[in-house]
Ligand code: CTP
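Only one chain is given next, in structure tokens, and it is the form predicted on its own.
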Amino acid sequence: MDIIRINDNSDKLYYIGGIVRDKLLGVQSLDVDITYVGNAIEYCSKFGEVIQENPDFGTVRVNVGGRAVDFASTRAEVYEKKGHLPVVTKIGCSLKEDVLRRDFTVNALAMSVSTGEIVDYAGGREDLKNKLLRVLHDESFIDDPTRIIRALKFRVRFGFELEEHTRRLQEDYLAHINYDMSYKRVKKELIETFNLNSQRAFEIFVNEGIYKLVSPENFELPKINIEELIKKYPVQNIWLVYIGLLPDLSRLEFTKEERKIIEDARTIGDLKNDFEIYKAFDGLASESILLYGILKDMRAVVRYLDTLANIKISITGEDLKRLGIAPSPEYQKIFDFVLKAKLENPKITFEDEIQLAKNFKN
């Protein structure tokens, strides 16, 4: 557990959520969340260099011993608009009121910074022991549908299962989805979940209909094991290879680069030979190539990534100039002519390429 050293024996400071859960599970925590019972901004102003404040949510980032640490005030909140960010109604509420607004019992655990005492108002330790995910109230998914995706992430990371009543609540929500939700938050959870590169996560996502939070159209699980595919051909944006398969992505806001990756994969037609495969994939993002393979033709993708991608012609425009060929659109035709020959015989040398260029006839 990543302990933060604070020169204060306050009995109002608590580690909360994931870091406590992970300590009890005996795994490395990905983040450190510290809550102050009261107003954290006022509290932190006395002992550290304040880097950033968010008064609306009572959060503050402070330099503690050369490290940026986030502190949160205990707070109460309500979801005035279901599916969107909650509205904070009180800063400085009790610890119990603060933890009971959270997503699952296993994330509602707190631990005193000064004494190490575990505080469990929701039965999280028992659920942790039984590897169960249990929501804290029946409108949890209605308030915040992203919790369904977050539950999927925890199911994959820790081998948890949904508690029976929580499962029924998920099924009920997915049968009556309110599509007026914060898709910025949905996207964030999708990225975190599918960057884990888990075939099991995708199977649950599809088989339980969780994908309908994004794409209402019916969608069947591809026969290809995407996890194994990405292990063999690594990509940077793993999540796009999974989510890019969904038929309707209009609700998600993509960056220009992300949208291009998806559009490139979907606009490539049938590829009949090595030359067409090479020309279609050369210079394309790896994510686009894998998406094309899953959606249309994996044979072409394997052929390219295993063999064709390693083939490059050596001649350049300067070489053609030295042959007395004036710069013109003819250059590209010559390069393609040489490329076709090299795809058929990768052993062709630079001298062979020069000779092919000399022999080229439009």
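For clarity, every value in this text was computed on a predicted model and none was experimentally measured. Heads up: residue numbers just count along the shown sequence, starting at 1.
Although it is not shown, the form predicted together with the named molecule is what the next lines describe.
Only one of 167, 260, 188, 82 has a non-hydrogen atom within 4.5 angstroms of the named molecule in the model of the complex; which is it? None of the other options qualify; the answer is 188.
If you check 274, 126, 97, 192 against the named molecule in the model of the complex, which one has a heavy atom within 4.5 Å? Filtering the options by heavy-atom distance leaves 192.
Work out which of the listed stretches, 233-241, 281-289, 154-162, 87-95, brings a heavy atom within 4.5 angstroms of the named molecule in the model of the complex. That would be stretch 154-162.
So, a 4.5 angstroms cut-off on heavy atom distances: do all three of 303, 306 and 336 pass it with respect to the named molecule in the model of the complex? Per the other structure, none of 303, 306 and 336 touch the named molecule.
Taking heavy atoms and a 4.5 Å cut-off, does residue 120 contact the named molecule in the model of the complex? Outside the cut-off, so no.
Please determine whether residue 31 contacts the named molecule in the model of the complex, using a 4.5 Å cut-off between heavy atoms. So residue 31 counts as contacting the named molecule.
Test of understanding: in the model of the complex, would residue 107 fall inside 4.5 Å of the named molecule by heavy atoms? Residue 107: yes, in contact with the named molecule in the model of the complex.
Answer for residue 227 alone: is it within 4.5 Å of the named molecule in the model of the complex, judged on heavy atom distances? Contact check for residue 227: no, nothing within 4.5 Å of the named molecule in the model of the complex.
If you look in the model of the complex, which residues in 93-109 sit within 4.5 Å of the named molecule (heavy atoms)? 101, 102, 103, 107 sit within 4.5 Å of the partner.
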